[in-house]
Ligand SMILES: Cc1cc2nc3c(=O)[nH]c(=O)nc-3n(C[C@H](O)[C@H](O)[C@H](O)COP(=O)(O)OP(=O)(O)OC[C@H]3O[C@@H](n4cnc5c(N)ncnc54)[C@H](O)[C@@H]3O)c2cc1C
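A single chain, nothing else alongside it, follows as structure tokens in the form predicted on its own.
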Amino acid sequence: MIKECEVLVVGAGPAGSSAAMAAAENGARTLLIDRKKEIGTPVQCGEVVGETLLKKLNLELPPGALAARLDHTTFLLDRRVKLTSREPYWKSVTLERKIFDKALAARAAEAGSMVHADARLTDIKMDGDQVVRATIMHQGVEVNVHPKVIVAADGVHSTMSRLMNLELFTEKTLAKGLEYELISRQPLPMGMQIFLEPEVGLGYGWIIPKGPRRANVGLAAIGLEGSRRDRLQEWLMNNPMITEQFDTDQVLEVKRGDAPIPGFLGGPLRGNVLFAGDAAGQTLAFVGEGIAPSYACGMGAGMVASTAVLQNDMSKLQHYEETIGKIMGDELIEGGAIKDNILEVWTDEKIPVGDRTVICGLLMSEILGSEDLEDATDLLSMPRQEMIQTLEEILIHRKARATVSALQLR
């Protein structure tokens, strides 16, 4: 049965569960709701998170949530350049999100939060800029609660945003994706593979291993139009590096989702509502990774919300941006800056589209920085082997733990 609360958290993904856990641990009467009948389903992302972020956040993975450890990332650029980075930042782990998300919600419950699946926010009542009542449909029964603070962690298509008539980010900052969980023909290298090429568009494709012969294979792009399934099928069937590894007749799961990549929005806070996770665009914008940033920012939202409630001082909510900045601000701001550089290159029609994808990949992998953009077109005008040799010299000069080689598929 849903009871009254001081802090209402909407959405039991990483942001919502960490917010509920932090608020409850701090002593606030907390309610966490999720519209799904089973928290963690369906999976709507690539399920990968950077190992350095896990360590930074001291986030211990729940038993059974670790699918694979990936010790490198390979960037495959316009089917012409292969770059493999073994820098710590590009090491990662693949999760079983169904297990991970449910375990985080369980941690919130263990901290003292009420948790209810199959509980959907349907309406709110506003008094000025404050939400004074939330209406929840719980297992077919309508319930009203009157929280002092709300954490809206209900995803990229946030119900709370819609009910408050807010647009925190637009379609132009939304990457739409689809992936299949596939079985490979042979053992996979234990590294993520990222594909940047005109066939994908303004985004990237990926192979994310979940085991020796199991992987998430998909793509996401801004401005993706038409059938996602048709776009993915066409790419899978026509990319020789994919067809060499996978048979698309062996699909274990279909996962569809959207990733917001607006860059750091400074919170956001509206009235007594703290937006967190995908609902706030809290992702590493240049790659769209949201699991760890959402968890971190949700934790900050829960701390701020509970402090405001316990001190009976709603002005404390104004500390949300500062709190997020301390926890995750550098990563969010830097990710937004890299994303802006990538957009600048992608929209420069003076550069051939294939060259654009190579430059975007070099920016994403952080082999090139914004200060190198003027020289990047000269790099791409070189004969292929000379270009590879120049890239090797750049890697040596920067003491990067990375290798580069030429692909002959274009």
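All residue numbers refer to positions in the sequence shown, first residue = 1. No experiment lies behind these values; they were computed from the predicted model shown.
There is another form of the same protein, the form predicted in complex with this ligand; it is not shown, and what comes next is about it.
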(message) Which residue, F75, Y320, Y180, W206, is the contact with this ligand in the predicted bound form, using a 4.5 Å heavy atom cutoff?
(response) W206
(message) Can you work out which of T173, T159, S184, Q130 has a heavy atom no more than 4.5 Å from this ligand in the predicted bound form?
(response) T159
(message) If contact means a heavy atom within 4.5 Å, which one of 320 to 328, 113 to 121, 193 to 201, 238 to 246 is the stretch that engages this ligand in the predicted bound form?
(response) 113 to 121
(message) Is this ligand in the predicted bound form close enough to V7, E25 and K102 that every residue in that trio has a heavy atom within 4.5 angstroms of it?
(response) no
(message) in the predicted bound form, is there a heavy atom of this ligand that lies within 4.5 Å of any heavy atom of G277, even though the partner is absent here?
(response) yes
(request) With heavy atoms only and a cut-off of 4.5 Å, decide whether T52 touches this ligand in the predicted bound form. (result) no
(request) Determine whether any heavy atom of D258 comes within 4.5 Å of a heavy atom of this ligand in the predicted bound form, and answer yes or no. (result) yes
(message) Even though the partner isn't displayed, in the predicted bound form is M21 close enough to this ligand, meaning a heavy atom within 4.5 Å?
(response) no
(request) Taking only heavy atoms into account, state which residues of 43 to 58 are within 4.5 Å of this ligand in the predicted bound form, ordered by sequence. (result) Q44, C45, G46, E47, V48
